[in-house]
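Below, in structure tokens: the form predicted alone, a single chain.
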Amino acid sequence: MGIDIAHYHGWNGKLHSPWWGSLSIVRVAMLQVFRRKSYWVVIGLGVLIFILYWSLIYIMTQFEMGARTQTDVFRIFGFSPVPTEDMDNGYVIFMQRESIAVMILLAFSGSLLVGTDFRMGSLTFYLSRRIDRVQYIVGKLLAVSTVVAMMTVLPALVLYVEYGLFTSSTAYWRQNWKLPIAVLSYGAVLCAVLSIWLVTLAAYLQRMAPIAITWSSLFVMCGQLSTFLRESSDNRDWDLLDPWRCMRLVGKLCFGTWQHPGEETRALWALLLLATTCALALAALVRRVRAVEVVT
């Protein structure tokens, strides 16, 4: 068969920047996640958490209740639209609880989004095009970050807008205009840490079972060990062993709310710890991607 009969032809259109390839990687990754029906079970869990908090805000703002009653109800559900001395910031709590669903979703989607690229040779296909290794890594990190942001940052911003709308006044928005900035900052921390850790882990382990076990153990076992050491020694510095508590401390650093003595200092140490682990993981990821040989 001649090449003309096979309909091969040159490209005569305008060539875009190779960085557009990173956005294509994000689009393909989102399609892969949302086409798996089993993943919708975990996504539904995140939606149920959001509906719970949405309903809570609606009830507290639409029904006449005393300030003390509202405070008691908010304390039960762990949500405070305005942080106080004895209550943590509700948006930090909400995003932390949504992160549990995110952790489960990422544990099972890591192999799909990254592992198969190494195991099935898809990475060679990517790199044989105008997409280089840096653009591939950025695309995968953005893909995981998009999943995290859709289940944490976006719902938190919706709750902020909802509370202001249901109070029939712009006072809440005017007095707490820094809250959306803090939500975006905390969301950036979650997206950066979780995406770098997951993509690096998936690049080395590749298969679903090892990724899911290692990913879950990283959070569950470290969390249990941190709790045991903290309670046995009565020292809150052991919270730095728990990745979730580290990210929560950094979230409090973004919101500027503290409930325990020395918490701000621990937040700075948590930020340093997360930054160091992310830098090491990113270096390992770059090395793993560079090891893939590509014929151009």
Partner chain sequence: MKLARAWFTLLMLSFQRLLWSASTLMVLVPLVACALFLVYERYDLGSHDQGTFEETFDDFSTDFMIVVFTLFVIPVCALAYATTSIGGDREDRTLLFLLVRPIPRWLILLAKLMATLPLVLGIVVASFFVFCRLAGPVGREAFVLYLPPVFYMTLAYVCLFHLFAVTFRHSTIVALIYALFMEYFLGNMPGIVKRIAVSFYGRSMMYDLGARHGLSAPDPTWFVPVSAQTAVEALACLSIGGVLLALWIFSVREYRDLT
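Fair warning: this is a prediction, and the values are worked out from it, not measured in the lab. Positions refer to the first chain, counted from 1.
One more form of this protein should be noted, the form predicted together with its partner chain, which is absent from this view; the next part is about it.
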Item to check | Heavy atom contact within 4.5 Å of its partner chain in the predicted complex, the stretch among 150-158, 199-207, 179-187, 137-145 | outcome: 199-207
Next on the checklist: Whether residue 236 contacts its partner chain in the predicted complex should be assessed with a 4.5 Å heavy atom distance threshold; does it?
Outcome noted: no
Next on the checklist: Is residue 228 part of the interface with its partner chain in the predicted complex - any heavy atom within 4.5 Å?
Outcome noted: yes
Checklist entry - Would residue 174 sit within 4.5 Å of its partner chain in the predicted complex, counting heavy atoms only? => result no
Checklist entry - With the partner left out of view, is residue 166 within 4.5 angstroms of its partner chain in the predicted complex by any non-hydrogen atom? => result no
Checklist outcome for this item: Of 29, 42, 267, 57, the only residue with a heavy atom within 4.5 Å of its partner chain in the predicted complex is 42
Checklist entry - in the predicted complex, which residues of 195-225 put a heavy atom within 4.5 Å of its partner chain? => result 205, 207, 208, 209, 210, 212, 213, 214, 216, 217, 220, 221, 224, 225
